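Only one chain is shown below, in structure tokens, and it's the form predicted alone.
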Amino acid sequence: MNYAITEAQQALRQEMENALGASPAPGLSISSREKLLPSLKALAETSYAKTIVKEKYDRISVMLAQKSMAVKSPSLALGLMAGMTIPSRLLAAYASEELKKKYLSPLLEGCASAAVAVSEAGMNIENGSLTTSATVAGEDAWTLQGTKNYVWNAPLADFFLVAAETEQGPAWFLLERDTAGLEIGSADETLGFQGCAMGSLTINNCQVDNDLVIGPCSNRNSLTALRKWQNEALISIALGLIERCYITALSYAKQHKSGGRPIISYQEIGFKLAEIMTLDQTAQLLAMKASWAQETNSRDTDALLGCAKVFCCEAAEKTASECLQIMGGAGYVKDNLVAESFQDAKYLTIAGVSSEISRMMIADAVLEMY
């Protein structure tokens, strides 16, 4: 495989930087509709929006574009991917043409935001049943009942894609914000990613027409695809977080003096920066190889994506910690970019498929291959 960045890939990354800004920004918030919609509109004006909904798309281009968002701000990246990218992919892959026209088009035009509601207490969507349930209500409707937790963009979304279990298998139900029986919780206070909004949904006997349902399906393919898209997004955020921490700590080490000389001249600091660069380069290469494996339908695709999720997210956590150590008190104060990233990084290892479950899935994939 060729690890060189092509002109097309570089062009998309440059589009993203032009639209959203390239310089890292601490404290950037899109936790209100007034702040979110302009960013969605800016994203919609790039070719990124059209790229992500193609049946076959250049995964490395998308990864680099999403990394650019995260270098600017991990909260910006997570908010935009939760509110636009992942819902758009789900609709593009599984929705009817009528639903695409009604819901996908506004997303891609930056005129609306969405949220995907899957997470439930104690649930593993790869092999566990959803406790949110849907039962037939007459010939042309369903009744939906359940609770969804940890839904990114929930407080801001115009509509929701809610996963629920039916007698025929899992299905997706489109609920608009003002649907009767839908209660949207206020934004949760989170340790990291405070620049975007996460909340819960309580669904009390919501009536959903048949034409607002994707499925039901006898398999769990859409849930599996969702997890892959989430992991790809989290890998990209991890890469961006590593870079923004590294360039901040490197700049500080060159300028800050101790004992009359820049601290970068001390071996202990040099070793830390060398370790961070090693993690950064390895994470990028592994992420690219996982993307390449998916595009070529390699037999080790699932294992490589799991490896990339584990390594990149844990590398981001370690990088943020080491950069905070390099900067000392300057990195610990509120609103500092490294302090913010230190809080964000932990979430990456528990979101999507957690590091622990990812390792189990990697082991299972290896057993199937050999």
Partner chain sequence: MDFSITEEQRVFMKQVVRFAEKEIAPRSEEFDLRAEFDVASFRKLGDYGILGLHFPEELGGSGADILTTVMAGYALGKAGVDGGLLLSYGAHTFLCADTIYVHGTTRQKQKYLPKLASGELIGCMGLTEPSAGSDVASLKTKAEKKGNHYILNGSKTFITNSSVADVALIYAKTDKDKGRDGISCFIVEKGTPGFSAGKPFNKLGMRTSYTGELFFDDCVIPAENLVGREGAGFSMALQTVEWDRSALLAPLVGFMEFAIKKSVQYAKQRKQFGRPIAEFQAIKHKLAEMKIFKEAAENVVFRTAWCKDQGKSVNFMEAAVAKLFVGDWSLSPTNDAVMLHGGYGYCHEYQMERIFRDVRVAPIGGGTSDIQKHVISRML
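Here the structure is a predicted model, which is why all the values come from computation and not from measurement. Numbering follows the first chain given and starts at 1.
Quick note: we don't show the form predicted in complex with its partner chain, though the next part is all about it.
Practice prompt. Consider the chain as shown here, without its partner, and state which of Ser186, Thr278, Asn205, Asn219 has a heavy atom within 4.5 Å of its partner chain in the model of the complex.
Written response: Comparing distances to its partner chain in the model of the complex, the residue within 4.5 Å is Thr278.
Discussion item. Please identify the residue among Cys111, Ala121, Leu191, Leu285 with any heavy atom within 4.5 Å of its partner chain in the model of the complex.
Written reply: Contact residue from the list: Leu285.
Worksheet item: Should Lys254 be counted as a contact of its partner chain in the model of the complex, where contact means heavy atoms within 4.5 Å?
Response: Contact with its partner chain, yes.
Discussion item. In the model of the complex, is there a heavy atom of its partner chain that lies within 4.5 Å of any heavy atom of Lys102, even though the partner is absent here?
Written reply: Answer no; every heavy atom of Lys102 is more than 4.5 Å from its partner chain in the model of the complex.
Practice prompt. Indicate whether Glu165 is a 4.5 Å heavy atom neighbour of its partner chain in the model of the complex.
Written response: Although its partner chain is absent here, Glu165 would stay clear of it in the model of the complex, with no heavy atoms inside 4.5 Å.
Discussion item. Just checking whether Ala274 would be counted as a contact of its partner chain in the model of the complex - the rule being heavy atoms within 4.5 angstroms.
Written reply: Judged by the heavy-atom cut-off of 4.5 Å, Ala274 is in contact with its partner chain in the model of the complex.
Item to complete: Determine which one of 192-200, 243-251, 102-110, 138-146 lies within 4.5 Å of its partner chain in the model of the complex, judging by heavy atom distances; exactly one does.
Response: In the other structure, the partner sits against 243-251.
Worksheet item: Does every residue of Leu37, Ala157 and Arg227 put a non-hydrogen atom within 4.5 angstroms of its partner chain in the model of the complex?
Response: No, none of Leu37, Ala157 and Arg227 comes within 4.5 Å of its partner chain in the model of the complex.
Worksheet item: For 305-321: residues with a non-hydrogen atom within 4.5 angstroms of its partner chain in the model of the complex?
Response: Result: Cys307, Val310, Phe311.
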